[in-house]
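Below you will find one chain, with nothing else, as structure tokens; this is the form predicted alone, and questions on how it binds or moves follow later.
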């Protein structure tokens, strides 16, 4: 029986206006080689200048991961030669990164939380992008020099599934912080995975690194493939080669890329053009005050404070904007369970139809709250509320106006409903007699007739009571 050891190297593009060491725009999707300058292209004689916003966001992540902050952070040159690296070195951090020795707790479900140690968090510049077409390769240097934060875990994960959960929940956390959009398809969050196996109690085995992983699902699949490959090789008496492998998503296999380098191969030395970074107390306090309640803590609070189920709390806290929206609805008097049910059901359905985010849509917490209060007060039915909700998305109008314009206000006047109920009961005497004899389910048929006669506007509670009064009064 073998023990599995998995560590992740996660790279996130930080959201900043400009690149990390120059003033070029930091944006995705621009025309190739339009956001470049002598600094990010490594021309002779140029000097880098550190982006303060990238530093602030880096420290936010360090603090969220409960890292020990180095009193002095030093940038270094990581030397390697590749076409997408115009300077033939990368400005990074090695010996003295911003943060070390942190942790991140992952929720495995059912009340099980596993602590994953964080080795370090360091800031570096990204490389350019190579585009291969047929027998030709193109180079786009727009990405070169963009602020890239790398988070390195200890080998504490034990399966591909745990690694997938870690990535999903880590992405959730950094999106809560607002430091990155975490879009793996666009490359703003990337992951390399290191895996080894060994006999129980004998520590780490010989590792392989898997690259080219652009989704958490592929991370899971690639790691499970590697675990099976390692097991097969070792069980047959073979030896694992320490190497870097690529994930082939078309064939669902990994394939060898190159022999794995060690840190010595990169010949790190301090970056002579950047002084050591020494964060002062005021800066650290400002960063600490900018932190928000993180997803796992917020989920636990929602379960205890609002009595939400684990699944409801997990959905509501999945995105910060949804969690904020939910709490504002509760502040406006909507029952927590009702707010969670509508957000995960009908609201999510409308968002899927419109292709919008909740923040960009016409729906606000105030509008949805007023709509649900109308349902609670019996002014409109739940079905009518669904129609109004859809209209809010398309018409961008207030719910009260839409109820009036669509003629959806419920009929709650007893005198008006008594006339309708009396006609319905008289028209279905056999059904009324069956109800008198104990066939209570037949009341649903009469309710359907009442709703049909009132175009769905009858207040269900009042209508049902009037039906019973009418039937048993006549009996």
Partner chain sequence: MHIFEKRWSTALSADKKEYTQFVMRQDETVESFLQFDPERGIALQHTNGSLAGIPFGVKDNLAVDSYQLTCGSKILSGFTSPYTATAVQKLIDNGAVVVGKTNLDQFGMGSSTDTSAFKKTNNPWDTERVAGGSSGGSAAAVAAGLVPFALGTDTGGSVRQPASFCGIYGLKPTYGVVSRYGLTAYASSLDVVGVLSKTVDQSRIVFNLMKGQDERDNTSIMHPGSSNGGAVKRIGVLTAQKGVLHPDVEKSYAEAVGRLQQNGYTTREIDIETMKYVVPVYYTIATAEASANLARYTGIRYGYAAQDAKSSSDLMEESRNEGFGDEIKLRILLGTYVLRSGFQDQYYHRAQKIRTAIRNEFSRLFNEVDVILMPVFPTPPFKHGDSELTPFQQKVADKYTCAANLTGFPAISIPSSVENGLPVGVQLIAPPFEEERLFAVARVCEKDFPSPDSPLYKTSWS
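Numbering follows the first chain given and starts at 1. Quick caveat: nothing in here was measured; it's all calculated off a predicted structure.
Beyond the structure shown, there is the form predicted together with the partner chain, which is absent from this document and is the topic of what follows.
Undergrad: When the contact criterion is heavy atoms within 4.5 Å, does residue 443 count as touching the partner chain in the model of the complex?
TA: Heavy-atom contact with the partner chain at 4.5 Å: absent for residue 443.
Undergrad: Is residue 41 one of the residues lying within 4.5 Å of the partner chain in the model of the complex, judged by heavy atom distances?
TA: Yes, residue 41 lies within 4.5 Å of the partner chain in the model of the complex.
Undergrad: Do residue 47 and the partner chain come within 4.5 Å of each other in the model of the complex, heavy atoms counted?
TA: Contact with the partner chain, yes.
Undergrad: Taking any heavy atom pair closer than or equal to 4.5 Å as contact, tell me whether residue 86 reaches the partner chain in the model of the complex.
TA: Close contact exists here: in the model of the complex, residue 86 approaches the partner chain to within 4.5 Å, heavy atoms only.
Undergrad: Can you pick the stretch from 380 to 388, 135 to 143, 156 to 164, 104 to 112 whose heavy atoms fall within 4.5 Å of the partner chain in the model of the complex?
TA: In short, 135 to 143.
Undergrad: I need to confirm a contact call. Of 286, 305, 185, 265, which residue comes within 4.5 Å of the partner chain in the model of the complex, counting heavy atoms only?
TA: Only one listed residue qualifies here, and that residue is 265.
Undergrad: Can you work out which of 292, 274, 362, 335 has a heavy atom no more than 4.5 Å from the partner chain in the model of the complex?
TA: Contact residue from the list: 274.
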